[in-house]
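Same chain, two forms, each on its own as structure tokens: structure 1, then structure 2.
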Structure 1
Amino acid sequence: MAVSTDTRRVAFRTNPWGRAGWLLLAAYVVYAAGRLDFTWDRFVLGLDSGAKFIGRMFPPEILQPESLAKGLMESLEIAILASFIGIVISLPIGLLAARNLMPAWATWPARAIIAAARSFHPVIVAIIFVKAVGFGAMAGIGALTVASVGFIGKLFAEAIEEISLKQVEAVRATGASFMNVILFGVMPQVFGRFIGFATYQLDSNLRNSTMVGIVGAGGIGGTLFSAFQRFDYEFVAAILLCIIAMIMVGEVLATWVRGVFVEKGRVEDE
């Protein structure tokens, strides 16, 4: 059946409030750029300065191999320990934050903890830990543990809230205890997603471990910052390439782990 011109005109009518919103957004972008002294001349000058800086970084050269190896190993250790501790803490907090399983008096404090852990960038938390426990890997582990609790706790709680309660009720009907309900009614439904969350957080902690080191929280970031201060830009390039290689290896391992556990869970479900 043919559609009349009037019907098409109504179907694709532009919302005037939408146009006004886009105009206000464009006006604010122009205003913000002016307030922040963003000019085309500075942008072009920055491109030229950036090209000169990158030119000084090549060819990469490993000037301090022992320092590089120690920093990379320390970053890896910080990321693994922080991820493990963060996951262990996130499990009960995420469970308490699930509103479909827990009462309000339990969910609100758990969600407050998650919100507090997510409120600050890991570098800011690392500065606090450096002031509290001093320079070194312990500060980095503490900072990334807080970040892990904020990320995994939130996603784990949301995953539990999306489960089917029929399986939970079926386990409860057998007279199972609360822990058995969690183990056999809840965890099988969220285990695959939780493995994905955990591997992603490990990958994120590998990246963040290079940043927290800049403020003295251990890892390769300290070596990178020292190389910048000495103007050893060839060594800076070598460090950056090693960090990229470490992240790529971690991504490959994370993809393999997700594939093994997720596929295994699907086969068991079938």
Structure 2
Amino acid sequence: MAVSTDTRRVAFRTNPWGRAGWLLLAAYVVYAAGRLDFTWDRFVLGLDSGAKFIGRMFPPEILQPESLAKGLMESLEIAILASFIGIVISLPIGLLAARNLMPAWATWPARAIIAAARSFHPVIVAIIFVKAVGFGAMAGIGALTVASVGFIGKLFAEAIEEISLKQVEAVRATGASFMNVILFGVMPQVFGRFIGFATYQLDSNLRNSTMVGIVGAGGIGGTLFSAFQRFDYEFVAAILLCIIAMIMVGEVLATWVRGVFVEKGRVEDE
């Protein structure tokens, strides 16, 4: 920040660079919108068909109750299993990736695995899993497990890197074995945050499990996609409402679980 030589005090000084930035942003919006062929006519035309579309979505109607129930259950199963397997895999990987506890030869491969797991969108991973294990829930579980390993592994490693080493030293000084150092020196310090990531990931897996079905990896997404293709828009609306309800319930439960595990005195949002 440059030191102002202006001795006259001005309230709310203008910032020419900031203004130039906003102008540049506006110019980009115009340019990019032109490149993507956004025209007012198209938008108006879309609004018209949008009104028709929404008109056909209401009232929502459950056309195939079994298929809806099966899809929702399958999404839930995919989310739970993927979170569980993902957490089980990411615990050792996250531990190995923590640079304050592990030597470099252990952190590099672990970090590479985490980076690889994070680099592709779950849908792309799901496509590859569909090819590998065929259509169905297995592929969804695989894809979301990969996503969970990437996310939890990274955050878990970062959480361990931020711990206080004093407690670790104290446990080590008692002659504790390596496992005991981890269990009594490291884990208690990161457990609260770990619950936070785990519930967040379960939540996120639940959202994503409603989507992987679009590429054939099981769950409610498949039901939704086929309803779309048959133009059963009232069923689409019903499925969407069910998904939103399921995810809202999941979010409330996740917040509650976090509240139970996070130590008192720490402030949690509502």
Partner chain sequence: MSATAPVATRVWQRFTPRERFRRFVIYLVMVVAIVQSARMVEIIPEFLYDAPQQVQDLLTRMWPIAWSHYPEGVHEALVETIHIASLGTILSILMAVPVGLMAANNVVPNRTVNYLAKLILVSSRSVNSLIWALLFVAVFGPGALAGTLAIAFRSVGFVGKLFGEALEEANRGTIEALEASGAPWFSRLLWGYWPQVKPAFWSIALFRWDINVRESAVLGLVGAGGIGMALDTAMNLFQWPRVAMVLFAIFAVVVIAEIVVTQIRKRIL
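Small disclaimer: the values here were computed from a predicted structure and weren't measured. We call the rigid core the largest set of C-alpha positions that still match within 1.5 Å between the two forms. Numbers follow structure 1, counted from its first residue as 1.
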query	finding
Of the two forms shown alone, the one predicted in complex with its partner chain	2
Residue 51/residue 70 same rigid segment between structures 1 and 2	no
Rotation angle of the smaller rigid part relative to the larger between structures 1 and 2, in degrees	10
Cα displacement of residue 30 between structures 1 and 2, once the rigid core is superposed (Å)	4.4
